[in-house]
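To begin, one chain is listed below as structure tokens, in the form predicted alone.
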């Protein structure tokens, strides 16, 4: 079994190279953490959208769906949107039973770019162990796709990729990976137990602290708090029936 790590949106392989593989999309700060949280708290679906303008248009064209609009640009809520990109906003009271149109600077682009894989999982530190167990169960080759920050390498996504690799491997079940995967796994081993420290070191983490979003970092740094396995299918992220390794909320 092989699982290679790709450090940014721009490095995600084209559809023909993803065919026959499982893809895992990671944007720890904060898109995939927020998606996992929204679905764990009962959101009906999360639709990754590339631009705010497209989100407004889809909402106007489908008034009966009563979409919530969520997302950010430059880490702050988009004017006219219901929610930003903080997972702490996506409470059960706000999102249960609602479909969400969601657009972010990095994460939603990465999800759409990975769509050529046979299966596309949405991962964060919150559900990294569960995603790893699922990949090990499938015994499919995987592409672990980090969103990065503004098309650049990010510590937080890389350490999450490393966590997935670490939890995938087991006695008699080695996992081959590329050089980026080796770096990711060593980064996780170094910071396991103090992931919040690493997120505070990261450039995106420092920016969020400047914006007063310290609580977001602490939330996003939690490891293994949910076993939900969101999947991107038919243009939306959902929790499929039978697609959970648990039934917990966040």
Ligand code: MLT
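Just so it is clear, the model here is predicted, and its values are computed rather than measured. Positions refer to the first chain, counted from 1.
Just so you know, the form predicted together with D-malate exists too; it's not on screen, but the next bit is about it.
From the list 125-133, 72-80, 170-178, 93-101, the contact stretch for D-malate in the predicted complex under a 4.5 Å heavy atom rule is 72-80.
Within this chain, residue 158 is remote from the site of D-malate in the predicted complex, having no heavy atom within 4.5 Å. Remark: residue 154 does not count among the residues lining D-malate in the predicted complex, judged by a heavy atom distance of 4.5 Å or less. Using a 4.5 angstroms threshold between heavy atoms, residue 31 counts as touching D-malate in the predicted complex.
Although the partner is absent here, residue 162 is not a contact residue: none of its heavy atoms lies within 4.5 angstroms of D-malate in the predicted complex. Taking a 4.5 Å heavy atom cutoff to D-malate in the predicted complex, the contacting residues in 73-111 are 75, 85, 104, 105, 106, 107.
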